[in-house]
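In the structure tokens that follow, the same protein chain appears in two forms, which are kept apart as structure 1 and structure 2.
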Structure 1
């Protein structure tokens, strides 16, 4: 399976629907994108995923870190 966002093949099954095998959830071990098998092809198919949101695996180490959430004020 190919990750729709970064086009790598490092995808694994994350979990399955607890009832009736209704869906499976996958996660990419390269970019951490995750998706359910029931989502639309523009979210699951690498060829139909919006090119504006694609990322290159080699650029991931240089991406900014998400700032931590400050503690709540008392």
Structure 2
């Protein structure tokens, strides 16, 4: 399975629905995007995911850090 947002294949099952077999949720271990199997294709299909919200995996380490990590005290 491919992450709809960052197109990597590091995707795993997050959970099955607690009641019945209603849906599964998946999560991407690269960009932490998660989605439910019953959501519309603009949230679940890598080809249909809004290009403005796509993430390139290589951009993640350069994202703004909030809050900044302070220096360690000895």
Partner chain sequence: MKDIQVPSGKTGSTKAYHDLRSFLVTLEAEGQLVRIKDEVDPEEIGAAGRASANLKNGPAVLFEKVKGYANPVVTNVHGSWANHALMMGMDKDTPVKEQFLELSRRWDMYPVGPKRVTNAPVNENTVTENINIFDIISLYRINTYDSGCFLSKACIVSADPEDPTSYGKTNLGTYRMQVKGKDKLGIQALPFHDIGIQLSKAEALNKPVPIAICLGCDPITTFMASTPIRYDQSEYDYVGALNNGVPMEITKSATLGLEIPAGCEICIEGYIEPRVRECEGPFGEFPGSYSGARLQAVVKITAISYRANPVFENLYLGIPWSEIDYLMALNTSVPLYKMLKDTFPEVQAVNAMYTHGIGVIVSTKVRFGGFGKAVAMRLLTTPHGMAYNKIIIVVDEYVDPFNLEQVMWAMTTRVDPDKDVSIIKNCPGMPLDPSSNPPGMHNKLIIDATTPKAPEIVSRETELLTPPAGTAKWEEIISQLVKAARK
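Just so we're clear, the structure is a prediction, and the values are computed from it rather than from any experiment. Numbering follows the first chain given and starts at 1. In this text, the rigid core denotes the largest set of C-alpha atoms whose superposition between the two forms falls within 1.5 Å. Only residues modelled in both forms are compared.
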task = Specify the structure that is the form predicted in complex with the partner chain; exactly one of the two qualifies.
result = 2
request  = Send over the list of consecutive residue runs, 3+ long, where the C-alpha shift is 2 angstroms or more at every position between the two structures on a core fit.
outcome  = 65-74
